[in-house]
Structures are given as structure tokens and as C-alpha cells.
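Listed next as C-alpha cells is one chain, alone, in the form predicted alone.
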Amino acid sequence: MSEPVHIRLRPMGVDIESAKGTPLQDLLFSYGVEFPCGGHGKCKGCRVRVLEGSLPLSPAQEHMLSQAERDAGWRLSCQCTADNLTLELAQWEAQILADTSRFSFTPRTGFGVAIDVGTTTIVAQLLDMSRGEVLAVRSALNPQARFGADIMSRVSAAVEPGGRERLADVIREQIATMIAELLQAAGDPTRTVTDVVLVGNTVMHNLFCGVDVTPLSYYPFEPVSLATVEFTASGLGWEVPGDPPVRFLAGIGGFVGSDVLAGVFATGMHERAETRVLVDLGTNGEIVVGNRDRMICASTAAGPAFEGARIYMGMRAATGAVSAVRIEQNTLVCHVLGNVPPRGICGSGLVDAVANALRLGLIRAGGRFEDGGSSLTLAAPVKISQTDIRELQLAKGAIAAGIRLLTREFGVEPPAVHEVLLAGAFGNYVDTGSARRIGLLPFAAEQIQPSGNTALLGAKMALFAPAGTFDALAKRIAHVSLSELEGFQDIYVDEMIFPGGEPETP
């Protein structure tokens, strides 16, 4: 057996005992270190600084890290193993997007758990179903993120030998822990739970349910199953008082899952005469256009830029993140979460920074810096690079093209849309003015309405809905493959350009 080693994490003051040679990726994920590229040494999202001890440099680290970074002790933790060390890392606190909306319901007996299984974050609530009252809330990082920040990285990991089982096990174990924490927080760990409902995108659904995701790894990306899957808690190996049924609700089509279905139900757009657009902005952007007579939907691979991943100094919206940027006296001024020195930038800060840099003429419509430089300092040491802008262009171009194509397919022009409902964490903290300036949302300000965590709200409503309600709703929404629509590629390329100009000649 390997000898034990001691790792101290600063500034947290956390001590870890481990066997020598244990991958740091396995040890540091639960302390907020992210692995956007899935631990393949292709990004710098998992950087840590060695304060005491030593970590050898691998070829991947020598390629990714500058000489100055290497000399300063920075290492890619995904390429390193445990030894006696003191490491510097900041604690990245998961932001809770816990829905508090009121909704109509028919009282039931017992207690229910509603869970939004997001690609990045999981949010769970315990409800007293006789009153519709939320008794406790818990959030956690999705532990599958150690295999990659975006859903296609998860699919790639799942199709490897034993991958499907590994990804199912980690998410099931995390949710079991969260349910136990909910009951403990509510003051009665023996409280009988009568129902558990989960929602999530198609990949989250398939990975949790143990469904083969191989067909989602290649065109035409058709899942093996979109159906509601029901387990018992004990069948999942969970010790939950009452051994309740556990339902992962049905998806709609392709990569459009039950989180979007729950959002449609929660917003009531399926019951309204006016045409609405529901947009869930995340690592995979989902769009629904419709009304009570007809609804169509599509997904588009925006990538993780809106979550701060694959951005040079990107991070989630947590302490130390530049979360907003404004213009004061022709200068960019940053707001940093937690009133601490800046250490990174989250998705909303990136959108603000680029939008206001466009307003000041610091960035051209094609995405190049006006001065020909390779980066723009926002609040030292935080800067955005040329690559960051390209990542944002890819993300916003995918969403904007999806909206443009789907509204055209529905037969409605953006100005005629009654309301645009923004769902998901990013959709609720991004500045809509900045989103419009970069061309992410081609709508007037008065049309756009942040709508909270509609997936979690819909999951709570599902606890009270008659059996079959959500399956019937899923059948009413037609799934559209954007890549098969006329002009898809040209429109996508066109939407990558920021409004107000033409692409520059390389």
C-alpha cells in the first residue's frame, strides 16, 4: 500500500490525507477546482500553485504554462499526483439558484424532493406537499464535471470502457447525499419522503438512468431513450425514509431534456395564445418557440463560455469573480463579488466586458482588439484574451443563430414575439443590455423577461401534477434539428460577428 501523504490547501486551511500517487484531480474537485477539458491537460482551468513541496512538470504542462507561470509554482492539477504539499487555491463557492416562486397546486400528503440536475450545478429542494412549502435547499457541483465541463465531454467519457457506470455512480451518490442533507437541514433525518422528481438535459437524464449515450456522440445525435424513467430509492442504493419512487422526467428530443419541458410547464407558455420564446442559456442552449396551438424546440451547442469555463481566467459566479463591468468616464470599471481582490471572471462579467469594450471601440465587430493586442486588462490581474473573445463569439453565435432559425421555422419575426423568457442561472444574472449589444438576444429590451430557475419550479410542480401530465406535454412539442434547416451554416457564421460591422480580413 502506498505511503500516506499530507496536503494543505490555502487559503482555506483544509488538510487532506491521501495515499501517495493519488491523482490530484480525484482529491481537489470537491474543493471547487474545476477540470473544463476533462483532465486532459488542454486548458488551465485546474491550475494550483505549489507553496511547499514539489510537483514535476509533464509535457502537457510545459506546453500550456508559460515559463513565468512555471517559475511561480503553477501546475495543472489534472496532470499531478498527491505528495506532501501545500497548495494555493481559492474556494469556489457554488451559487444557488433556488427557486422561490409560488405556484398553484392541489395539496398532497407527505414530503417531496425536486431536483434540477444541471450540467454544472445540482439544486435540490425538500417540500411539505400539504402546503407547497420549501423546507430546505441544497446545491452542489455536478461531480461529473471532473470528466469535462460540457455535455459532449461527458458523452465522450461515458462511451469509454466502464464510463457509463462511473458517471452514473458519481451523480447518484451526490444526489443521495443531498437528499440526506435536506432531511437533516429540515430537522428530521427520519422524515418519510413520498416522491422524488428529477429534471435535466438529455445527457444528464441518460447518464443518471444508465442509458447508453453512444448515439449522442455522432450525427444525428438521437438518444436511445427520452422516456420518463422510474426507480425506487432502494433500487438506486439510497437509504431514504419511505423508500419513495424516484422519477427522472421525459425529455423532448435530441439534446432538449426534461429541464426544458419543466420550464415550458412552469412558465405556462403551452397555455397562452401569444407566441413566446423560452431560452435556457447554459453549456447547451435550448430554445422553445410557441403557444397553446403549436410549439417547436431545438438545442445548440453553446459551449461552457457562459459558465466561465474555457476562458483564460474564467470561473463561476463566486467570491473574487468579476461579475459586472460598466463604463465610467470612458473607462471600464469592474464589480467583484465578495468585495475582495479580483481573481477571475464569470460569464456575466465576460459579456459585460466585451459589450462595453465594443461601445468604447476597444474591440472590432469581428472580435479583434482595435489596438492589435492579444488581451485587455479589466482589473489586474484579471484580463480577457483574444481566445476568450472567440469563445464568446462561438457561444453567442450558436444561441443567436438558433433563435433566428427557430423563429423563422415557426413563422414569426423577433419583433412580433410577445415575450422572451430567460431561464437558467446565466440567463438570470446576465445584463440584458450587454446581451443585446453583443448580439446574443435579437429582441427589444421590453420583450426580455428573466424567469428564474424554471426547471426547478417545473420539477416542484411535477410533484403535484397528475400522472402522465409531463409525458403528454412532451408529445406536443416538435423537436427541430437546426443543422438540417436551410442556411444553418451561413447564419451561424453571420451571428458570430458582433452587431455593427463586418468580419475583418485575417
Partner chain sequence: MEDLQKLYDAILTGNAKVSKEVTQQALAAGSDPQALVQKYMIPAMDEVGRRYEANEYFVPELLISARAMKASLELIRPLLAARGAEPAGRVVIGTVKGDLHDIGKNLVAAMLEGAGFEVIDLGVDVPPEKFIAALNEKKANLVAMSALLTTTMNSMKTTIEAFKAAGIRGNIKVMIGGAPVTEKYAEEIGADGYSTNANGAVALARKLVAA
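Since this is a predicted model, take the numbers as computed values, not measurements. Numbering follows the first chain given and starts at 1. Just so we're on the same page, rigid core means the largest C-alpha set that superposes within 1.5 Å between forms.
This next part talks about the form predicted in complex with its partner chain, which is not shown.
Not displayed here, its partner chain is approached by M496 to within 4.5 Å at the level of heavy atoms in the predicted complex. In the predicted complex, A355 stays away from its partner chain, with no heavy atom inside 4.5 Å. Under a 4.5 angstroms non-hydrogen atom cutoff, its partner chain in the predicted complex has L394 among its neighbouring residues.
Among heavy atoms of T22, none comes within 4.5 Å of its partner chain in the predicted complex.
A heavy atom within 4.5 Å of its partner chain in the predicted complex is found for exactly one of M152, A186, L236, A168: M152. Of the residues given (S156, S225, Q174, N291), S156 alone sits with a heavy atom within 4.5 Å of its partner chain in the predicted complex. Using a 4.5 angstroms heavy atom cutoff to its partner chain in the predicted complex, all of G366, Q386 and Y492 count as contacting. Partner contact region in the predicted complex: 366 to 374, out of 103 to 111, 366 to 374, 175 to 183, 257 to 265, criterion any non-hydrogen atom within 4.5 Å of its partner chain.
Residues S217, Y218, Y219, F221 are the members of 197 to 235 with a non-hydrogen atom no more than 4.5 angstroms from its partner chain in the predicted complex. Core-superposed comparison between the shown form and the other one: the Cα of M64 travels 2 Å or more.
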